[in-house]
Structures are given as structure tokens and as C-alpha cells.
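Take a look at this single chain, the form predicted on its own, given in C-alpha cells.
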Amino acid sequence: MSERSYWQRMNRKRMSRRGILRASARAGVGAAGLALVGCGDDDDDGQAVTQVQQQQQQTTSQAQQQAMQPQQQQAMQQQTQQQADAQAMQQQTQEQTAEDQAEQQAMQQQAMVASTKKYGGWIVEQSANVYETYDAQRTVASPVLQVLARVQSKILRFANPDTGDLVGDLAETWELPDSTTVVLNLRDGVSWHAEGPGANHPAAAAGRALTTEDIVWNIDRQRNKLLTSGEEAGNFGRSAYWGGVASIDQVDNSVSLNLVEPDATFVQGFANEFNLINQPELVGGTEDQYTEVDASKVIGTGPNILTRWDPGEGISAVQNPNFYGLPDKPHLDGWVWVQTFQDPNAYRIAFEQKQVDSMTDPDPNTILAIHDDLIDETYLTYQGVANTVAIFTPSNKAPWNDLRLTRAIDLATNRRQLIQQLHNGLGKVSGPVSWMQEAWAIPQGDLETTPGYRVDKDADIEEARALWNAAGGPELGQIDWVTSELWASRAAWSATPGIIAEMFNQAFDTDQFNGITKPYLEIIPSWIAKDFDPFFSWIPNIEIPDARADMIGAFTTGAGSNYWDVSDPYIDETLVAAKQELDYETAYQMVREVQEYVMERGQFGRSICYNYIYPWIGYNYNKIEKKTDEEGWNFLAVSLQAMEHYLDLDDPSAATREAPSPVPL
């Protein structure tokens, strides 16, 4: 999809003359009333010619008309008007019929697709080895969501994760009566899981109906950053988002959220994959054990019931037999996750033997080679990775609070070279807004001449070296640059610490930089404490297509993800105004100007580098929901996959497949 194309379509829609004619006829407006409507589209040329001919005829017979009696003139005018009205109605009927036929055809096609989806079977995928918590509201790691989003529900969910199209989840419908009120009408018939390890936990309220109090508890917990015990917890990653709620009202089966201020991004945030809804009794009763991960602490209302969660060993979930409102979902009997393959060769062998149904690898060549070997049995999709790759410098403390140093690092980072070295060229550079948030990002063509992103890297290096020397960079001594252990554990990326160190040593003509590794269990708390070492690797996921919330979280005064203590009145005022702005073009320009402003200042230490693209391979029987035949979703889409994923075990590629069964209820 071309950059900004979705938002351009959504915000620049205009009705053709035919569309206006249809709407006018439905409202009872006569053809004469359309004279105030300006010229139409090209498809109205025939009508325009007819009008010219009518005008010529009127000019020729003008003398005769002047001689007519007023009654005759009136009769002719009425007749002309009736003919015009009849033509308009005929045109409207023809167009409406065509429109209805097209709509009916689209519905039939959707029904045909739905009818081809099959039920049953177990999907087998690789899992992570480490999960830092079972609580989606207190994690920054997407592997946790790969499990929980199949088990728990959200208020709304994405029908299209990349464009932000929404459908109801726990809220069947929603309303915006004014700019600061959101009314959520909860779905009837929703209940918490009645079976499974979580339902059997002494603290759980198994099988009870979902209530408005459940929704309020989940929101209050995060916006106040308070545990059930009353203890304050700083690791609620979405606290800034929920902090936008000033008060909550409950009426019958509806919840009204009264916002602090107008927020054009707020409703889309309901579908953020991190915004899963916990059961208050179970999660509230086990908060002191939130890092002790197992299936007994998880209960949900979602399409699957978790039956096993043993990090490093195995995970499984089975179909929820009482899933609300959608008797035909999910399609699968369940999911099985096997532990991460530390040896990429073992992973490849497991895929080739159909012990796992899909595969990815940091080295795209591996996936492409497997596809070549199994060309008749497999297919590829390509998708962007929402875990943006970035460099962080601790510009909130000396010596990095000298923005000349931070700016020098940003300029010296050779983003395109890293994409080539680490991802075989599969990726695109990202400014402060990721290229995947295409409606808000700086276009790739513009970045090619932007300092720090220039194709002419010599100009960047020259400027970077001058700033480094002027700010006393050579006197800083040895500088340890951290790459996450998880990143460096990938065989294809194991040389990354040295690559980063060498990149800066060459840029500044020095040997000061050393590459080291640290685990995320150490890195993430240091970010929260704002006491971290210079860093390169993934940063937390981009969560929704609308970039305004991300920019606010990173750069406004006091925001939860502002690890650099940026406090700039211009940024604060502009981003807050952009968040409240309903006109897309105006809001985009505001966000674009702030991006350029922070880039001129080395991104204040939050140097976004790129988002890479990876190929995913699956067997033909493995029917995932995709954006297009060759494109997967760029944003987390686990909730969508939990609903729509299915297996076609009648496909020839399923021969010899023997999938393990999940742990039963």
C-alpha cells in the first residue's frame, strides 16, 4: 500500500455528481435543486452535452417563448422539469441497481470464502522461551500477547490491523455522543471461562458473566497504576493511554468514559493488542506472583482456553465451547506451542518434517531456500516487524545530555547499511514515526535527503564527526554499547555487537566503542528507571496505526515512555493539539513538523533506525488470515488470527503431518 494512501482515501472522499444526485433523490430533492451543485466528474460528460444541446435549443426558440402566454410558459416549464426529474430518477434507479448488485456480489464472495473455511485440527508453532509475566497489562513483550490474545478479549478489536478498521469485541457497539464521551455497549452472553487451570484456581470466579464492573476495574487499575493491595506499580505500559479517562459512568450494560480532553486516537486504542481484559478476582488475587508464569493464573472470555503454559517446555490452548455470540468461531480445535529452537537447523528440520506448521528466521535466505525446496507444498508472506529497531542514548544524564553528542550518534548511524548487513536488504528506514504507520510517517523519498538518513552518507559522517569532536566525544573514554542478548542469540545476528561498535568507531575515527550484550530483564527496568546504557536492538512494539499516541508517549513532558525527560513547550502544545484534531491533513502536518523538529536534535536520544521485513513460510494447508496473498499484517494480529485461522487437512500438503494434541481440559 502506498504511503498515506489509506488515510488519503478515508479523508479525501468526495461524492461524484451521480452520488449527489442519488442522495438528493432519496431525500426528495428535485433536479432543479441540483443547480447549486458544481460540475461533476468525467462520467457526467454525456449529461453535460445534453445540457448544452438543451441550452442551444432554448436560445433558438427564445423569441417564440417570449410570445407565449404565461400559462403556456408555466406548462412547458413543468413538462421540462418532469422530464428532467424522470431522467434523474431513471439514472438513480439504474445506478442504485448496479450498486446493489455489486454489494450483493461482494457479500456472496465473502460468504463463499467463509464457506470454504474448515473446522478442527491443532496448529503447531514455535514459542518463546522467556515470558516475564502472565499479565498483559504489565508486559512490554509481544510473546506474552501471542499466548494471551488467543485466550482473552479486548473492548474492540481490529478487523484490519494495518488500517485500524474496528469491530466489536466485548463491546458489541460503541457511540461518541460528543468529543469527550465514549459509550461502550457491552455484548450480552459473555462469561469467563468455566473450565481449565485458570478456572480451577481458588481465586478465580469461574463461569460468571462479564459485568460493567470488570471493565471499570481494568481501566482504573491501569490509569491509577495501583494494584489491588493499594501498592503503586510503575510497569503498567498503557497507563498514559488510560490516563486520558477522567471519570467512568455505568448504566445497565453500558460504560461511559468521560475523557479529560478530546482525543481523536482514543477509540482505536481499545483494539491495541496489549489492552486485553483481565478477570479482577484471579489477576487481583495473584498480583504478588505476576512474574511466576503458568496457566493457572490466566482466565479469559476469548475463543480459546489456556491449558498449559510452561515457558521453555510447552504451551497449549483448546477451543472455548461457550465463546460468546460467535458460534462458528474459532475454527481450530486448539493451539500447541513448542519451545523455541535455539538451533536454527533444528527448527528447519522440524518444519520440513511438519512438526511445526510455519517458520521464520532472521536470515531471509534460509526461508527462501526452504520455499524453493518445498515449492509445491508451501507459500510465503512478507510482513513488516512492529518491533522497531532503534538506538537509545541516555540524553537525560551527562555526558549524553549534550545534544551535540546525541545528534552525532544519530547522524553516524548507518541505517541502510544495517538493513543490508543484518536483513539482506529487507527493510525500510523509519523516522520518529515508523514507515508502517504509513499515514503519519515521513515518506521514504523525503528521508533520502534528511540528515541521518541521507543516501549520501559521507555528508552525515562529516557532520557527525565535527559534532563529536566539538562536544568532547574523544575524551569520554571507552563506551560500552548494549545489544540485547535475545537479538544477539540469533545466529544470523550474533555479530551485531561488533558491527555496532565498528560502525561508530569508523564514523568517529576512534576505537572507543565496545559492543556488549544484556538481557531485556535488565534492560527494560533500566529504561523505566531512566538509568540505562547506550543501546541497540528492538524497542517495544508499535501498537496501533495512528502514530500520534506514540509520539506523545515518547516526547511530551512526563509521558510514561519519555525515558529521556524531554520537556519542550513546542512539542507538548503541538502534539496535544494534533491528538485533538479531527481533520487528518491538519493533524498530519503537526506530527510531521514535530518529527522534523526532533530529528534536528538527534531525536533526543530516541534514534529510530528502521523496521525490517521478514518472510514467513507456511504449508499450503495452514490457512492464516492475511492482508493480501503475499502480505502479512505489519501490526500484531493475534486476536484476528485466533478468530480466522483454520487448517485444510484435505490439502495434499497435509500428508504425513502428525500434529500433537494440546493438553486437554
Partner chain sequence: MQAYIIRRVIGAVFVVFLVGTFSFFAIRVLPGDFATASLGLDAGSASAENIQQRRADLGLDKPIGEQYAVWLWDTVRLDLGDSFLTQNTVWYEIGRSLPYSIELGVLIMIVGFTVAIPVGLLSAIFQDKLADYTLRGLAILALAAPVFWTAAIASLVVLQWDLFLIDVIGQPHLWEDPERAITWYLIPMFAGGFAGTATTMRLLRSQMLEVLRQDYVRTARAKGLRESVVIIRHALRNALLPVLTVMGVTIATIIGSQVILENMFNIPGIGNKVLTSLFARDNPVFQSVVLIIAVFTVLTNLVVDILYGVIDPRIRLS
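All values reported here derive from a predicted model rather than from experimental measurement. Positions refer to the first chain, counted from 1. By rigid core we mean the largest C-alpha set that fits within 1.5 Å across both forms.
Omitted from view is the form predicted in complex with its partner chain, to which the following refers.
Of the candidate stretches 277-285, 227-235, 472-480, 249-257, only 227-235 has residues with heavy atoms within 4.5 Å of its partner chain in the model of the complex. Only one of the listed residues (Pro497, Pro394, Pro540, Gly427) places a non-hydrogen atom within 4.5 angstroms of its partner chain in the model of the complex, and that residue is Pro540. Note on contacts: among Thr340, Asn160, Gln580, Asn505, the single residue with a heavy atom within 4.5 Å of its partner chain in the model of the complex is Thr340. With respect to its partner chain in the model of the complex, the three residues Asn129, Ala141 and Val385 uniformly fall within 4.5 angstroms at the level of their nearest heavy atom.
Using a 4.5 angstroms limit between non-hydrogen atoms, Ala350 touches its partner chain in the model of the complex.
Taking the partner from elsewhere, Tyr379 is found to have every heavy atom lying beyond 4.5 Å of its partner chain in the model of the complex. The closest heavy atom approach of Glu485 to its partner chain in the model of the complex falls within 4.5 Å. Residue contact with its partner chain in the model of the complex: Tyr612 places a heavy atom within 4.5 Å of it. After superposing the rigid core, the Cα of Arg490 is displaced by 2 Å or more between this form and the one not shown. If you fit the rigid core between this form and the one not shown, you'll see the Cα of Val267 move by less than 2 angstroms.
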